[in-house]
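A single chain, nothing else alongside it, follows as structure tokens in the form predicted on its own.
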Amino acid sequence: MDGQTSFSLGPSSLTDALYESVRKRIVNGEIAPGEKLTEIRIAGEYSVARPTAKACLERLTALGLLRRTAHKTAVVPKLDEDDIRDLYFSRETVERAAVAALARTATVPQPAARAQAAMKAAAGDMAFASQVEADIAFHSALVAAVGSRRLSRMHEVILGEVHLTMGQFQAHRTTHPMNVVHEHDDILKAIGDGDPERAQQRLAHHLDQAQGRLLGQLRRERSGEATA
């Protein structure tokens, strides 16, 4: 289409590649909160069939990265303070259960260790997008290692919105990236030491810090809007 940006997709499954590309654009803020995404738009931008575009939008909606309006249009949501508090309450409930289970057998999942290594590298390079991806991979690996399909499904939905907040508020930028790395190290050490209580405490501290950064950034944005 004339004047329209075209996006190419990787060699993986077309639906998966489309989902991943649109997800990254939402998370990175390229597709802004409040912006509408339609089947026609996605089909045109990526040169895919509308059923493929529809499947992508449905998947993004199921994971909380899009919401349907009263007219059923998919829109990138803007989370408020109540949303963030509820999100982190749910997240902590699931992840505390996961780290406690892992610590009882002193099991440090290798995928979590690899994600942590990637996060350290990204933090050293000050690569924000890579840091966010590694952070999500770290927490996903902890829950996946428990081996509970139901717990993992709940966590997948929660992390969709967590990822959304990272892109919208970019709260990682409000602290030195190595601070988050050190918090992850503390969680892994407690798990490896076989200490469920300390693992839960380190995780709760880590999530409390993350929630605080998000709420602080949200309040700064509100203050800026009020004085504009």
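Being a predicted model, the structure only gives us computed values, none of them experimental. Residue numbers run from 1 along the displayed sequence.
Keep in mind the form predicted together with another copy of the chain is missing from the figure; the text below concerns it.
Judged against another copy of the chain in the model of the complex with a 4.5 angstroms heavy atom cut-off, the residues Glu30, Ala117 and Ala122 are out of contact without exception. Another copy of the chain in the model of the complex is not approached by Ser140, whose heavy atoms all lie more than 4.5 angstroms from it.
In the model of the complex, another copy of the chain sits within 4.5 Å of a heavy atom of Thr93. Shown alone here, Ala62 lies within 4.5 Å of another copy of the chain in the model of the complex, counting heavy atoms only.
Within 4.5 Å of some heavy atom of another copy of the chain in the model of the complex lies at least one heavy atom of Ala97. Exactly one listed residue, out of Ala127, Ile136, Val146, Val75, brings a non-hydrogen atom to within 4.5 Å of another copy of the chain in the model of the complex: Val146. Only one of His182, Arg67, His176, Arg50 comes within 4.5 Å of another copy of the chain in the model of the complex through a heavy atom, and that residue is Arg67. Although another copy of the chain is not shown here, in the model of the complex the stretch 66-87 places heavy atoms of Arg67, Arg68, Ala70, Leu79, Asp83, Asp86, Leu87 within 4.5 Å of it, in sequence order.
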